[in-house]
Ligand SMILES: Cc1cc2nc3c(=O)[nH]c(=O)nc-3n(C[C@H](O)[C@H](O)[C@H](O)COP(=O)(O)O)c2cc1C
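Just the one chain here, the form predicted alone, laid out as C-alpha coordinates.
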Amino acid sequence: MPATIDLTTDELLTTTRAVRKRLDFDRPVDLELVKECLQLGLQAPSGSNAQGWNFMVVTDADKKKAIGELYKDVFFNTYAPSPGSVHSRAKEAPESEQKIAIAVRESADHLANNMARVPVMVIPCVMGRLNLVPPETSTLAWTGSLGSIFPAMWSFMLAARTRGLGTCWTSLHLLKEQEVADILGIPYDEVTQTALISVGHTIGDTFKATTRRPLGNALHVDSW
(Lines give C-alpha, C1' and ligand atoms only; values in the text may rest on other atoms or scores of the structure.)
Protein backbone atom coordinates (compact mmCIF):
# COMPACT_ATOMS: atom_id res chain seq x y z
CA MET A 1 0.00 0.00 0.00
CA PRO A 2 1.44 3.42 -0.95
CA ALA A 3 2.13 5.99 1.73
CA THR A 4 -0.87 8.17 2.44
CA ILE A 5 -0.95 11.90 3.12
CA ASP A 6 -1.35 12.58 6.83
CA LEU A 7 -4.58 14.57 7.09
CA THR A 8 -7.07 15.01 9.89
CA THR A 9 -10.68 14.22 9.03
CA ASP A 10 -11.52 17.93 8.86
CA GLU A 11 -8.50 18.62 6.64
CA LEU A 12 -9.49 15.80 4.30
CA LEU A 13 -13.07 17.03 4.02
CA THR A 14 -12.09 20.66 3.44
CA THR A 15 -9.23 20.11 0.97
CA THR A 16 -10.61 17.47 -1.39
CA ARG A 17 -10.95 19.85 -4.29
CA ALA A 18 -12.02 19.54 -7.92
CA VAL A 19 -8.53 19.21 -9.38
CA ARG A 20 -8.15 20.45 -12.93
CA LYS A 21 -5.09 22.65 -13.52
CA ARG A 22 -3.00 20.74 -11.00
CA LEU A 23 -3.69 17.34 -12.51
CA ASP A 24 -0.52 15.73 -13.83
CA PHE A 25 -1.47 14.52 -17.32
CA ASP A 26 1.94 12.96 -17.98
CA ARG A 27 2.34 10.76 -14.90
CA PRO A 28 0.72 7.33 -15.17
CA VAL A 29 -1.61 6.10 -12.42
CA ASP A 30 -1.29 2.51 -11.25
CA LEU A 31 -4.58 0.70 -11.84
CA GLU A 32 -4.13 -1.11 -8.54
CA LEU A 33 -4.17 2.25 -6.76
CA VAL A 34 -7.48 3.15 -8.42
CA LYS A 35 -8.90 -0.25 -7.46
CA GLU A 36 -7.76 0.27 -3.88
CA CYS A 37 -9.68 3.56 -3.70
CA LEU A 38 -12.74 1.97 -5.28
CA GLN A 39 -12.56 -0.85 -2.75
CA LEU A 40 -12.86 1.74 0.01
CA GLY A 41 -15.76 3.33 -1.87
CA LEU A 42 -17.63 0.05 -1.62
CA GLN A 43 -17.91 0.60 2.12
CA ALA A 44 -20.27 3.55 1.55
CA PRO A 45 -23.96 3.17 2.41
CA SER A 46 -26.20 1.71 -0.29
CA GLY A 47 -30.00 1.97 -0.37
CA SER A 48 -31.53 -1.32 0.81
CA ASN A 49 -27.94 -2.59 0.72
CA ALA A 50 -28.61 -3.34 -2.95
CA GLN A 51 -25.07 -2.31 -4.01
CA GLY A 52 -26.28 -1.78 -7.56
CA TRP A 53 -23.15 0.06 -8.57
CA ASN A 54 -20.76 -0.56 -11.42
CA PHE A 55 -17.53 1.30 -12.15
CA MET A 56 -16.15 1.66 -15.67
CA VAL A 57 -12.44 2.49 -15.44
CA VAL A 58 -10.94 3.82 -18.66
CA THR A 59 -7.18 3.76 -19.26
CA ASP A 60 -7.01 2.96 -23.01
CA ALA A 61 -5.54 5.97 -24.82
CA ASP A 62 -7.75 5.66 -27.92
CA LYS A 63 -10.93 5.36 -25.86
CA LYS A 64 -9.94 8.30 -23.66
CA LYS A 65 -9.24 10.35 -26.78
CA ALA A 66 -12.66 9.56 -28.23
CA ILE A 67 -14.44 10.38 -24.97
CA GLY A 68 -12.31 13.48 -24.50
CA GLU A 69 -13.30 14.79 -27.93
CA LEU A 70 -16.99 14.27 -27.13
CA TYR A 71 -16.58 16.03 -23.80
CA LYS A 72 -14.72 18.96 -25.33
CA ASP A 73 -17.36 19.40 -28.03
CA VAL A 74 -20.22 19.42 -25.53
CA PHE A 75 -18.34 21.65 -23.10
CA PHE A 76 -17.51 24.45 -25.51
CA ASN A 77 -20.42 24.23 -27.96
CA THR A 78 -23.35 23.37 -25.69
CA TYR A 79 -22.44 24.07 -22.08
CA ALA A 80 -20.26 27.20 -22.34
CA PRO A 81 -22.86 29.37 -24.16
CA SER A 82 -25.68 28.30 -21.82
CA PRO A 83 -27.07 30.32 -18.89
CA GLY A 84 -25.62 29.16 -15.59
CA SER A 85 -22.33 27.95 -17.07
CA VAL A 86 -19.04 29.02 -15.50
CA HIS A 87 -18.56 31.17 -18.58
CA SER A 88 -21.85 33.00 -18.02
CA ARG A 89 -21.08 33.43 -14.33
CA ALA A 90 -17.66 34.85 -15.13
CA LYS A 91 -19.32 37.50 -17.30
CA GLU A 92 -22.14 38.30 -14.90
CA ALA A 93 -20.42 38.07 -11.52
CA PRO A 94 -20.17 41.27 -9.47
CA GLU A 95 -16.74 42.86 -9.38
CA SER A 96 -16.03 41.44 -5.93
CA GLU A 97 -16.49 37.88 -7.26
CA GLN A 98 -15.03 38.38 -10.74
CA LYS A 99 -11.53 37.10 -9.96
CA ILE A 100 -12.76 33.80 -8.55
CA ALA A 101 -15.33 33.33 -11.33
CA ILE A 102 -12.69 33.84 -14.02
CA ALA A 103 -10.32 31.42 -12.27
CA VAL A 104 -13.03 28.74 -12.17
CA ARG A 105 -13.80 29.28 -15.86
CA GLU A 106 -10.13 29.00 -16.82
CA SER A 107 -9.78 25.87 -14.71
CA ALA A 108 -12.82 24.24 -16.33
CA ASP A 109 -11.58 25.22 -19.80
CA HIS A 110 -8.21 23.65 -19.01
CA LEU A 111 -9.71 20.30 -18.09
CA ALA A 112 -12.03 20.30 -21.11
CA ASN A 113 -9.09 20.97 -23.42
CA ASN A 114 -7.12 18.16 -21.81
CA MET A 115 -9.79 15.61 -20.91
CA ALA A 116 -8.37 13.13 -23.40
CA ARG A 117 -5.04 13.28 -21.54
CA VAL A 118 -6.26 12.44 -18.05
CA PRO A 119 -4.50 9.27 -16.88
CA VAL A 120 -7.69 7.54 -15.75
CA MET A 121 -11.41 8.10 -16.19
CA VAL A 122 -13.88 6.52 -13.80
CA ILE A 123 -17.52 6.36 -14.90
CA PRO A 124 -19.87 5.23 -12.11
CA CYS A 125 -22.99 3.49 -13.41
CA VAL A 126 -26.29 2.20 -12.06
CA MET A 127 -28.42 -0.58 -13.45
CA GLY A 128 -31.50 0.40 -15.44
CA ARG A 129 -32.39 3.40 -17.59
CA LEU A 130 -33.35 6.16 -15.18
CA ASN A 131 -34.65 8.37 -17.99
CA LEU A 132 -37.38 5.78 -18.65
CA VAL A 133 -38.77 5.88 -15.10
CA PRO A 134 -42.49 6.92 -15.07
CA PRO A 135 -42.87 10.61 -14.13
CA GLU A 136 -44.93 9.86 -11.05
CA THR A 137 -42.04 7.91 -9.49
CA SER A 138 -39.08 9.60 -11.16
CA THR A 139 -38.01 11.75 -8.19
CA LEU A 140 -37.90 8.77 -5.86
CA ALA A 141 -36.18 6.55 -8.42
CA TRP A 142 -33.52 9.13 -9.30
CA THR A 143 -32.73 10.15 -5.75
CA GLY A 144 -32.72 6.56 -4.57
CA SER A 145 -30.39 5.36 -7.31
CA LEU A 146 -28.03 8.33 -7.27
CA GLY A 147 -28.11 8.50 -3.48
CA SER A 148 -26.71 4.98 -3.44
CA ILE A 149 -23.80 5.54 -5.84
CA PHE A 150 -22.77 9.12 -5.07
CA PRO A 151 -21.63 8.33 -1.50
CA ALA A 152 -19.46 5.52 -2.88
CA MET A 153 -17.84 7.87 -5.38
CA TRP A 154 -17.27 10.60 -2.79
CA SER A 155 -15.56 8.00 -0.60
CA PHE A 156 -13.48 7.04 -3.66
CA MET A 157 -12.49 10.68 -4.16
CA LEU A 158 -11.57 11.10 -0.49
CA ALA A 159 -9.46 7.94 -0.61
CA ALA A 160 -7.78 9.22 -3.76
CA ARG A 161 -6.93 12.51 -2.05
CA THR A 162 -5.09 10.72 0.76
CA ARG A 163 -3.03 8.83 -1.83
CA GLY A 164 -1.84 11.85 -3.77
CA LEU A 165 -4.45 11.57 -6.50
CA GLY A 166 -6.63 14.43 -7.69
CA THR A 167 -10.16 13.96 -8.96
CA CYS A 168 -12.80 16.08 -10.63
CA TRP A 169 -16.46 15.14 -10.88
CA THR A 170 -17.92 16.01 -14.28
CA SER A 171 -21.16 15.05 -16.01
CA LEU A 172 -21.32 16.85 -19.37
CA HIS A 173 -20.44 13.67 -21.25
CA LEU A 174 -23.95 12.48 -20.35
CA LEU A 175 -25.22 14.63 -23.22
CA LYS A 176 -23.37 12.09 -25.37
CA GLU A 177 -24.09 9.09 -23.14
CA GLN A 178 -25.09 6.79 -25.99
CA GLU A 179 -21.89 7.53 -27.90
CA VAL A 180 -19.77 6.95 -24.78
CA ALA A 181 -21.62 3.70 -24.13
CA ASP A 182 -20.81 2.57 -27.66
CA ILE A 183 -17.11 3.39 -27.21
CA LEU A 184 -16.90 1.41 -23.98
CA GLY A 185 -19.32 -1.41 -24.75
CA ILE A 186 -21.69 -0.34 -21.96
CA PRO A 187 -25.18 -1.81 -22.62
CA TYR A 188 -26.99 1.53 -22.95
CA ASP A 189 -30.49 0.04 -22.67
CA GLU A 190 -29.64 -1.58 -19.35
CA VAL A 191 -27.19 0.79 -17.65
CA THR A 192 -27.21 4.51 -16.79
CA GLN A 193 -23.94 6.40 -16.52
CA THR A 194 -24.00 8.96 -13.70
CA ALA A 195 -20.73 10.90 -13.96
CA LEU A 196 -17.21 10.98 -15.37
CA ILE A 197 -14.47 11.41 -12.77
CA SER A 198 -11.04 12.38 -14.03
CA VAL A 199 -8.20 10.89 -11.96
CA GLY A 200 -4.49 11.64 -11.89
CA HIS A 201 -1.59 12.40 -9.61
CA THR A 202 -1.58 15.98 -8.41
CA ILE A 203 1.13 18.54 -8.94
CA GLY A 204 1.98 19.07 -5.28
CA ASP A 205 -0.22 17.72 -2.51
CA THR A 206 -1.08 20.87 -0.55
CA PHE A 207 -4.62 22.11 -1.08
CA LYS A 208 -6.57 24.69 0.89
CA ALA A 209 -10.15 25.07 2.00
CA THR A 210 -12.07 27.35 -0.34
CA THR A 211 -14.40 30.27 0.31
CA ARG A 212 -18.07 29.35 0.56
CA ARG A 213 -21.14 31.47 1.18
CA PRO A 214 -22.12 31.58 4.85
CA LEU A 215 -24.09 28.62 6.18
CA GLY A 216 -26.80 31.01 7.29
CA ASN A 217 -27.55 31.82 3.66
CA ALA A 218 -28.42 28.18 2.98
CA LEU A 219 -29.73 26.95 6.31
CA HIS A 220 -33.42 26.39 7.11
CA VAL A 221 -34.51 24.99 10.47
CA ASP A 222 -38.08 23.69 10.85
CA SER A 223 -39.38 26.04 8.14
CA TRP A 224 -38.09 27.38 4.82
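None of the values given here were measured: they were computed from a predicted structure. Residue numbers here begin at 1 and follow the sequence given.
Another form exists, predicted in complex with the ligand; not displayed. Remarks below refer to it.
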| query | finding |
| --- | --- |
| The ligand contact at residue 213 in the predicted complex, heavy atom, 4.5 Å | no |
| Contact flag, residue 169 vs the ligand in the predicted complex, heavy atom cut 4.5 Å | yes |
| Interface membership of residue 141, the ligand in the predicted complex, 4.5 Å heavy atom rule | no |
| Proximity of residue 104 to the ligand in the predicted complex, heavy atoms at 4.5 Å | yes |
| Among 171-179, 58-66, 38-46, 23-31, the region lying within 4.5 Å of the ligand in the predicted complex by heavy atom distance | 171-179 |
| Heavy atom within 4.5 Å of the ligand in the predicted complex - residue from 123, 120, 108, 149 | 108 |
| Within 4.5 Å of the ligand in the predicted complex: residues from 57-73 (heavy atom criterion) | 71 |
